[in-house]
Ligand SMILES: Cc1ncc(COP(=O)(O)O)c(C=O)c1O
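Have a look below at one chain only, the form predicted alone, in structure tokens format.
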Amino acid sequence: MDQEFRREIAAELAQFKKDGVYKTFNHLESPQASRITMRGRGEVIILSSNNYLGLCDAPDVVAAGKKALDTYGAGTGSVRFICGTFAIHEALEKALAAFVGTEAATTYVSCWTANTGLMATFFDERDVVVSDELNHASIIDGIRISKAARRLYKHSDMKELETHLAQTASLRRRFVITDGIFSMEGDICKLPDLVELCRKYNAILTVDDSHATGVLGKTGRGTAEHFGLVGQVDIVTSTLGKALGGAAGGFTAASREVVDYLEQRSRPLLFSNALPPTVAGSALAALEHLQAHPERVTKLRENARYFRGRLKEIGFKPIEGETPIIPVLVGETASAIQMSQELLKEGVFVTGFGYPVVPQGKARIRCQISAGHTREELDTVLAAMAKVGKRMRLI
């Protein structure tokens, strides 16, 4: 390898460490649950996972993955249109479409590939994609890959969105895309307004529901159910790697024509192996478990409400909201990193985020609540946060 290249990369890595943005990986030796075993630290309570429903280690979900592995083997060995589609993929896709309220669905190896495989398939230089400025990085990359014009609107600013739609009326297709729940803020998109504007301007609406599937709505069907708008979103993308078992994979759900076209032309789908059967099996079991046990969604909501309220009582300032993503503002990046490290010493694993992930001066600890957390565990976390917060003079 070229030595100059190595020196340049090493210098950039050193700068990452100097700037306090170098990421370290904690190694786990147990399944994701409310408590995990971390190498070198023993048992800790985790508030850094997207395991919102606590299904990562649910016995029926794990058993279904093992059964699919035994039934179908380790994988497809090639892409689906070449080597065939397993019955477990077909069953999962039918179940996902029924769950989110669309005619059809198709699975990808991640929601990242679902998003990047969507826009480049349908939009080119004759079109425009209008995106919330706080949308996930996969949406940003999907827009870059497509040849469509890009317009950003300020976070949840419906007036600016309407201005963009009005100004692009001459283009062939207008495509509006938003997160359902925004992962760094924990807030929910203004779906009723988005639906109204897209109908007014004949725009196509897509919602990435990765943090909302299994979380929002009475039965966990996502942002559309939360607002009573099931069937009103043109395209839904989401993940299987969070609330639905936490393994991997993503999907796109839409009309039969849209899904059929993706299966004909979406490059990430056409040129990637399908989900491993064990992942498809465990995700299907997680979906079935959720539908049989909607009380998990209720428990998740109760846990989030309790934790947010107690944080305020202690003296912290969590960002207002109603989701299980509860960011606690601490100011500077160094404070967020230090607080995360101090909490880990107290047996609590929660991640701090600072600039450039979030704006300068708005660094935060992002607490993510699960239905798997007991009230005792949440109280233990709150006590640790109060202890560390006082020590750092944050409260």
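Since we're looking at a predicted model, the values are computed, not measured. In case it trips you up, residue 1 is the first one in the sequence shown, and so on.
What follows is about the form predicted in complex with this ligand, which we do not show.
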Original post:
Where does this ligand sit in the predicted complex: which of 76-84, 227-235, 300-308, 131-139, heavy atoms within 4.5 Å?
Top reply: 131-139
Original post:
Is it true that Cys111, Asn115 and Thr239 each have at least one non-hydrogen atom within 4.5 Å of this ligand in the predicted complex?
Top reply: yes
Original post:
Looking at Gly186, Pro268, Pro276, Gly249, which is the one with a non-hydrogen atom within 4.5 Å of this ligand in the predicted complex?
Top reply: Gly249
Original post:
Any chance Ser210 has a heavy atom within 4.5 Å of this ligand in the predicted complex?
Top reply: yes
Original post:
Even though the chain is shown alone, can you say which residues of 376-394 have a heavy atom within 4.5 Å of this ligand in the predicted complex?
Top reply: none
